[in-house]
Ligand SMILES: Cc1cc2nc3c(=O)[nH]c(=O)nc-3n(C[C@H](O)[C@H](O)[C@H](O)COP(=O)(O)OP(=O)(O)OC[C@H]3O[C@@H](n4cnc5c(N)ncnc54)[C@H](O)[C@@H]3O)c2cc1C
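This document opens with one chain alone, in structure tokens, the form predicted on its own.
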Amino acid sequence: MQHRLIWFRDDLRLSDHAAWAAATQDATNAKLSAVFLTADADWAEFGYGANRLWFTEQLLRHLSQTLAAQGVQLQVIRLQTYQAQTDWITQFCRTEAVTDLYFNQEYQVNERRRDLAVMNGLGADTQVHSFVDRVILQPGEVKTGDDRFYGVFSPFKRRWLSTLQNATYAPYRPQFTERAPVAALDWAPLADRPDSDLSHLALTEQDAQERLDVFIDQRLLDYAHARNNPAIAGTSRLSPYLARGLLSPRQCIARAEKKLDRPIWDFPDQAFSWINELIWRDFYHHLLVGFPRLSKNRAFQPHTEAMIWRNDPDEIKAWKNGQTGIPIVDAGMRELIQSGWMHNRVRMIVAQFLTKNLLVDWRVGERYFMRYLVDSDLGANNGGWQWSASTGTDAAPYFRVFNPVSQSETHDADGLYLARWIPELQALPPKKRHAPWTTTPPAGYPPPIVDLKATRARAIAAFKELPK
């Protein structure tokens, strides 16, 4: 009798799940087992925070109940390291006579090493089936003409689009015959409580798919115009569900193509602007495989490792707590702390302020985001921070430093986002909220901790002096 084991990771759904679809095909007479393994000590070292762990916990609870109703028990096993995961899987497959192991691929260097160790450690009695699921196109499938990984987004996107036209990317539709229900197993919580108010999140596949539908039906065609305004619901806000696998990128593309009745390469610019974000997501995973140093806390551009960062502890504390005196920066940081999420335009602004105006090592900000963001993902988080710090691929030129005040005036013209997250500014006229030090300062709100013009010049000088 076949015994099939499905190993869930950051893919906590059943619809359009490559490994689940394969494991449940022609499985009427097969025994099905399912498992999710933690790596608590390694995750703590990588900076996983309570928000991410609590969110994962809720998704696991719902997944466990759904699986149990279909006759499959999900084990959640608390382990400390990736090595322990390797050992557990190997031992379980041997002792439980697992004939087939199914999982979706992950692309960080430690996860890839773990999966290779599992495949090498299992004997001929267990066949391993791994699948492309987190991305549309497998890292390594999109390469330059001389077989190198792309290090720049624009040519990657062109090759990605041309490759996609000859690829299959429709969602998987498993044909699973439900079994008699079983009892759901219990486990110790991954996190007792989050650090932020996460009540805004969808916690089930159905709810996440409904949010995808609402975005596609109501906001997709306005995305390019509305995406940079943090005061409105202009973005999809689907990143938490993609990061934890409650939605797949295939589902996103399929839903958009159905809405517009055409393939994505024929989308109008307003709608393709959102598809572009999904391509960036593939690109960041592509980089993790092609440039393993990104998983090792290293800069994409090696010469920038010579930067002497200031790392002033008081300034870092003010930035973390939303007390820099620069409203758009403080609003973003308060949104992060209070909600576990931050608008993408604001992420770039706060990152450039930290790395350029304060000359703080981008790794400080990357780790702080990892602690709070429910959509924390190494590829996107690292890519965004290194872009802002001018140390990464497609990075902002070191001499192009965001002015947070002009960014605020451009993208939050009426100061609504500022007033939402900084109550101290609500009494000011909307146009005065962007730079409150130019008027009578509101009570309780600090003056700027740095001079924006002087610190911009300091950052440019510091980058200019780096050896090439």
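All values derive from a computational prediction rather than experimental measurement. Each residue number is its position in the shown sequence, starting from 1.
One more form of this protein exists, namely the form predicted together with this ligand; it is left out here, but the text below deals with it.
Screening 158-166, 374-382, 122-130, 187-195 for residues having heavy atoms within 4.5 Å of this ligand in the predicted complex returns a single hit, 374-382.
The putative spot formed by His3, Thr95 and Thr99 is not touched by this ligand in the predicted complex; no residue has a non-hydrogen atom within 4.5 angstroms of it. Distance criterion of 4.5 Å from any heavy atom to this ligand in the predicted complex singles out Asn344 from the list Gln301, Gln138, Gln83, Asn344. When you look in the predicted complex, the only residue of Ile264, Leu278, Val360, Ile337 with a non-hydrogen atom within 4.5 Å of this ligand is Leu278. Put simply, Ser248 is far from this ligand in the predicted complex: not one heavy atom of it is within 4.5 Å. This ligand in the predicted complex is approached by Ala351, whose closest heavy atom lies within 4.5 angstroms of it.
Although the partner is absent from this view, Thr391 stays clear of this ligand in the predicted complex, with no non-hydrogen atom inside 4.5 angstroms. Shown alone here, Ser239 lies within 4.5 Å of this ligand in the predicted complex, counting heavy atoms only.
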